[in-house]
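The chain that follows stands alone, in the form predicted alone, written as structure tokens.
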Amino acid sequence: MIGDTIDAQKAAEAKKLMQDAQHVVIFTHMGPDGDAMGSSLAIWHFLKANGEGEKDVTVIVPNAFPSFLAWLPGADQVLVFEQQPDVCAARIAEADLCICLDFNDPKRIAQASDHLVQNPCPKILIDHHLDPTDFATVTISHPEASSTCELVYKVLSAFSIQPSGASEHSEIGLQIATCIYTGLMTDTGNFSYNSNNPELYEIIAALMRAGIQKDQIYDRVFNQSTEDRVRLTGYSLYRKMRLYSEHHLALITLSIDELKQFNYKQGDTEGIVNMPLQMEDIFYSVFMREQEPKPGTTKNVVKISFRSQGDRPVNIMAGDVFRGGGHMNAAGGEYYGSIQAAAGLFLREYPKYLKKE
């Protein structure tokens, strides 16, 4: 039965906290992706629908989310901490419940982290990344899950309260269902990795019964690129992809200056890391993107994405070398310094972690 993997006691505790709270702030991680936005907005819709107009619910993201997610229902109500720090800080200070989605450590929400930690209110964490830190009152963590949206679906299914318009647990309302499906689809590369559990497709069937337009969601996420984004993708593959055949590896690096040539916007490089895996005999793909220093620091930050196929883990290297983590076939990390230094470190270390075949 869908939802059986969720601890019933933890689900009951989370439900009680949600019922009792009047001022709720929902957080997700820096560089919000489809799973981050989908899970956050699904919970936002759920609380708004079941609060009988009494709950004040706010979604706060650390920085801007990609434009191809702006169509999600409720996205126009999301606050961006970098753009409105004072407004966001005030909302966090008055919160009597904080819900943390799709991250395992407060540092993943950047400048909002201190405000979250300093508020003594109860906190709920729902996440699918490894090794969550012990900061939440209720932690629902399942690294084996395809996405945080999968866990949100299961948590809501475990609740006896029904979202507006739902007739049963499997039909949870069109807006919530749309948000959840978006997260499932994007965090599995359109169901090409971390997606072998048959229960995942039972959830998708339930979401379709709730009325989602699956093909339309795909089109809105993947087929709305700007000319700059398409040209950046072509440049990345033609000019910047290097192959290391002994380890069946592709590496792509993009510097700040290169991104500026294509008028880079948040989300423009989403999905590039998956493309080298379309080639025969390429089983590992690594993508590095340089960005400006974080506030209060002087070193550039390099965001690193890892992908692999089959029984070839990349999360170990992501954790050991680049202070990150994730799943066996999809992981991430970061490096403080130049893109050249990050690539150099990777090239020195990867033979220790990636299989020869």
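What you are looking at is a predicted structure, and each value in this text was computed from that prediction instead of being measured. Start at 1 with the first residue shown and count on from there.
Omitted from view is the form predicted in complex with guanosine-5'-monophosphate, to which the following refers.
- The closest heavy atom approach of residue 307 to guanosine-5'-monophosphate in the predicted bound form falls within 4.5 Å.
- Among heavy atoms of residue 48, none comes within 4.5 Å of guanosine-5'-monophosphate in the predicted bound form.
- For residue 331, a non-hydrogen atom is located within 4.5 Å of guanosine-5'-monophosphate in the predicted bound form, even though that partner is not displayed.
- Interface membership of residue 326, defined by any non-hydrogen atom within 4.5 Å of guanosine-5'-monophosphate in the predicted bound form, is confirmed.
- This chain is displayed alone, yet in the predicted bound form one of 123, 115, 129, 247 has a heavy atom within 4.5 Å of guanosine-5'-monophosphate; that residue is 129.
- Interface residue among 108, 91, 229, 154 relative to guanosine-5'-monophosphate in the predicted bound form, by the heavy atom within 4.5 Å criterion: 108.
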